[in-house]
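Just one chain is shown here, as structure tokens, and it is the form predicted on its own.
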């Protein structure tokens, strides 16, 4: 049974003058998933998110949110989307409590008990003006404004930027405990913070989606392999294209296997490198996956 996609983009291009920020981007965010949208600065992540929120229109291609073309998002659909961004504009002159009071009538499903719980958990000063708050506290205010109406989709665009570790931890704690049954699209450089939360990942480079799959599938096929040989190691000339970042030092040869299979790895290694003393293949944290794929994309090893 195929899971429906809450967010869908098909061959989307976005041009700013002669610059193509998105170049045939396609993505699918399954219902109920926590989708980590990763890529280097300038890869097109924020452009994609603005397009999904109808802040920008695609130059070519189509995108939809909850089955509705992003260029035709109605107030009813937007009321089912929560949005938190590092650059989110908030009314600086309003108090935190006053702003929450202002927002409530726009959302028929606003849950006052949930609002109270979130504000208490995030320790928000309800009587202080938003403009008087630190950057980290303003981000927490944005989260408190995005969750009480129980959105079906929560979009987080670099929510941890500039936050100290304690505030990041409080943000994540509040998110995990109060978000409920919601689909999440998370763009963040703080990969360690979102790894345990993420169920799917999309890696974007230069406006193109290079890799998109579940975290379980990605974890199963990517391994950091370290081989201890019976003789001095050297990088072979006929290295398989799925072996990235080869290194040789002493009797040790290491690489990242992007098509890992325990069944035939030892046989392939021995055929290519000769006698082997020990093979160690370890799963990779998301940050290491990102740096590996980013370097490979930059060097043209993946396209």
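Numbering follows the first chain given and starts at 1. Fair warning: this is a prediction, and the values are worked out from it, not measured in the lab.
Below, we refer to the form predicted in complex with a small molecule, which is not included among the displayed structures.
The stretch that touches the small molecule in the predicted complex, counting heavy atoms within 4.5 Å, is 38-46, out of 38-46, 254-262, 236-244, 274-282.
Taking the partner from the other structure, the small molecule in the predicted complex has no heavy atom within 4.5 Å of any heavy atom of residue 150. A residue is said to contact a partner when one of its heavy atoms sits within 4.5 Å of a partner heavy atom; residue 189 meets this definition for the small molecule in the predicted complex. Although the partner is absent here, residue 21 is a contact residue: one of its heavy atoms lies within 4.5 angstroms of the small molecule in the predicted complex.
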